[in-house]
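Here you get one chain, nothing else, as structure tokens; it is the form predicted on its own.
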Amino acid sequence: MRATAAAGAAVGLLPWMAACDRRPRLNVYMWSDYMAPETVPDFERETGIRVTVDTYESNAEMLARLFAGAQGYDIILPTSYLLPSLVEAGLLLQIPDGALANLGNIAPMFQVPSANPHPDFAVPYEWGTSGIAWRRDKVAIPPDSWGVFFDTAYAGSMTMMDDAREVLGAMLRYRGHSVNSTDPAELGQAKADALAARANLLAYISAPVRGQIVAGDVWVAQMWNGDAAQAAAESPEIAYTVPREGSSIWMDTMAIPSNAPNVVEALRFLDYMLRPEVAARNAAVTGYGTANAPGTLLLSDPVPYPSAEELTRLEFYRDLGEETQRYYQIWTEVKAG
């Protein structure tokens, strides 16, 4: 009798459950720890749109899923240098003119082609630099060069990112070359340097290294500035710098996949994310710079936009077309040792 009653109750709930399922939805695929905790709940309360967030830890992970034909995502957050290949492959939806009322909040420096090569397909989100984080209680002399990863004194206590462009870019800058080099000799030297550094590394790891450097298991790490800022908030012994040889500056964007099932909801979310107060709240939590100019003014301690002098040492990554495959081949060989 109880089983029959339970079954009847379940059947009676079906229309209600179906009604819930008909609520507008939004599926976001993004980097981990990349929004303020209240951003999605506030959007859901305001709009009635139910949001699901899946996360990834590298551009390669996101690209692999997209090129494998992933279905169901409405928003993705690719780094801007990936946009040309994504657009060429037909994987992004062109944003309709006038669809985003808050688009004018983006600072001019993040609207130029080097920062955002496809502004009609992607909206600037946050930006940052790649550099060196270290523990002041473990490393006596502050490292100011990519050469620290060749120092055997810290062998087994250092990490570099699990990212072909970042690791090879660091090795290229170490020798005075561009992070976008396609010169075979320069890339050959970058490979040799990466292999030499590999012998001293505990691991290749990107965002998750934050917990390890806070715990003291890692002393020196190639990190993004925002991750380093989050780590420093937990442990004041952690410091960060852009090496004297220079490094990369990058910008992550928000885009809509061409097969997105919920385009109207995606556009609404993009415009919401472009509000100054939302952009400021996100940047305050992530530790990265926001491309939202009025949002920057709302922050008590914003990441300042790079000066002209700093930009001489920083490069935006570019899409390298067919040459990208060479980077990934070298990267495969480096990780294999």
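It should be emphasised that the depicted structure is a prediction, and the values quoted were computed from it without experimental measurement. We number the residues from 1 along the sequence you see.
Just so you know, the form predicted together with a small molecule exists too; it's not on screen, but the next bit is about it.
Listed residues N27, N59, T39, T296 were compared with the small molecule in the predicted bound form; N59 is the one with a heavy atom within 4.5 Å. Residue D252 is the only one of D252, E265, E186, E245 with a heavy atom lying within 4.5 Å of the small molecule in the predicted bound form. Stretch-level contact analysis of 45-53, 66-74, 27-35, 296-304 against the small molecule in the predicted bound form, using heavy atoms and a 4.5 Å limit, identifies 27-35. In the predicted bound form, the small molecule sits beyond 4.5 Å of every heavy atom of S181.
Although the partner is absent here, W224 sits close enough that one of its heavy atoms falls within 4.5 Å of the small molecule in the predicted bound form. In the predicted bound form, no heavy atom of F269 sits within 4.5 Å of the small molecule. The closest heavy atom approach of N116 to the small molecule in the predicted bound form falls outside 4.5 Å.
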